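One chain comes next, on its own, written out as structure tokens in the form predicted on its own.
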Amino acid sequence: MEALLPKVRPVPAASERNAADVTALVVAHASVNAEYRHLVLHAPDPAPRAVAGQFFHLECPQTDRDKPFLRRPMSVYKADPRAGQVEFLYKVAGVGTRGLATLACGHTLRMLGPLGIGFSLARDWRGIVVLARGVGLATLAPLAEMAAARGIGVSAVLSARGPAQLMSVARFTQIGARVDTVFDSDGSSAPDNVEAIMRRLVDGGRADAFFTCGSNRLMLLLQRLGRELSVPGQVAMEQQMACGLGMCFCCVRNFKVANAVISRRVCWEGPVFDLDEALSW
């Protein structure tokens, strides 16, 4: 089976990356549920040409309550070059995202990107499996669309605390993905059940590769299954970032390559990495 990523990936030089600091216009902003919001921005090139797995560094508004100093990294939920739009799905969790939540239609904000290395797909794959939870749903939805556009079948296992927290199902079903949902509320998200689903997908010939984001537990599960069943994979890592450009080394994480543990910057060498090399956080 063709490896999904070489063990030592060539990292594009700064001059080869297509990113810019631009001013974007808020064209839609609404709550998805009690925790998450959907932000749609109209932005000039190169922002709308972001690919699945890349991210932007967003400038968060200051409020009477909060004074965010640093920008916040945000995975691309959708990028549409024809409409000139970029979309984000985010959880209101702290100073920065509370500031973002105050944005209304007609407001503007600065955004740097697209940044990082996104997902890659092998030409001979017939089907992939995505396993996501929480904000990972935002990261993997555009990957599913990218795969479908290339004629690759998608099976999605979507995990949440309960039905009220589940998001993005329509994004997966609209591209013909097979969708399984699992919840904490009914116990179906237990590792044993998720593993059984994954094994059925592999046995059914639907898993040329695994993809995940949003849960350390799910990453470790896929990593173990991938090694046992010889299924390659990728994981999109989440990490706090200061600059988003690889200069501050704030987002360094450890990875195991061969018999050595090495450090990589999530913003520069990632945020997408070889699943087999990722270490637990």
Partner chain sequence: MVDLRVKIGALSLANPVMPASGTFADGLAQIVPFERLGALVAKTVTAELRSGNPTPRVAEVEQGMLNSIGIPSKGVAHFIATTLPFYRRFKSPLVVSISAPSADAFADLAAQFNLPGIAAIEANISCPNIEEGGKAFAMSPRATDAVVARLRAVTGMPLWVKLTPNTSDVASVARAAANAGADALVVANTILAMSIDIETFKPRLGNIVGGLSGPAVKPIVVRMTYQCAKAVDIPVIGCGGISSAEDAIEYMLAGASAVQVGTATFLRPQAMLDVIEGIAAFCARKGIAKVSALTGAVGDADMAIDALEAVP
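The structure presented is a predicted model; accordingly, all values stated were derived computationally and were not measured. Numbering follows the first chain given and starts at 1.
This protein has a second form, the form predicted in complex with the partner chain, left out of what is shown; the following refers to that one.
Chemist: Find the only residue in M146, L112, A177, M74 having a heavy atom within 4.5 Å of the partner chain in the model of the complex.
Modeler: Contact residue from the list: L112.
Chemist: Quick one: of V169, A122, A190, V95, which gets a non-hydrogen atom within 4.5 angstroms of the partner chain in the model of the complex?
Modeler: Flagged contact: V95.
Chemist: Where does the partner chain sit in the model of the complex: which of 208 to 216, 249 to 257, 223 to 231, 37 to 45, heavy atoms within 4.5 Å?
Modeler: Selected stretch: 249 to 257.
Chemist: If we define contact as a non-hydrogen atom of the residue within 4.5 angstroms of the partner, is Q240 a contact of the partner chain in the model of the complex?
Modeler: Yes.
Chemist: Does the 4.5 Å heavy atom contact test between W268 and the partner chain in the model of the complex come out positive?
Modeler: Flag for W268 set to yes.
Chemist: I'd like to know if A20 sits close to the partner chain in the model of the complex, meaning any non-hydrogen atom pair within 4.5 angstroms.
Modeler: Close contact exists here: in the model of the complex, A20 approaches the partner chain to within 4.5 Å, heavy atoms only.
Chemist: Look up in the model of the complex whether L25 has a non-hydrogen atom within 4.5 angstroms of the partner chain, and give yes or no.
Modeler: L25 lies outside the contact set for the partner chain.
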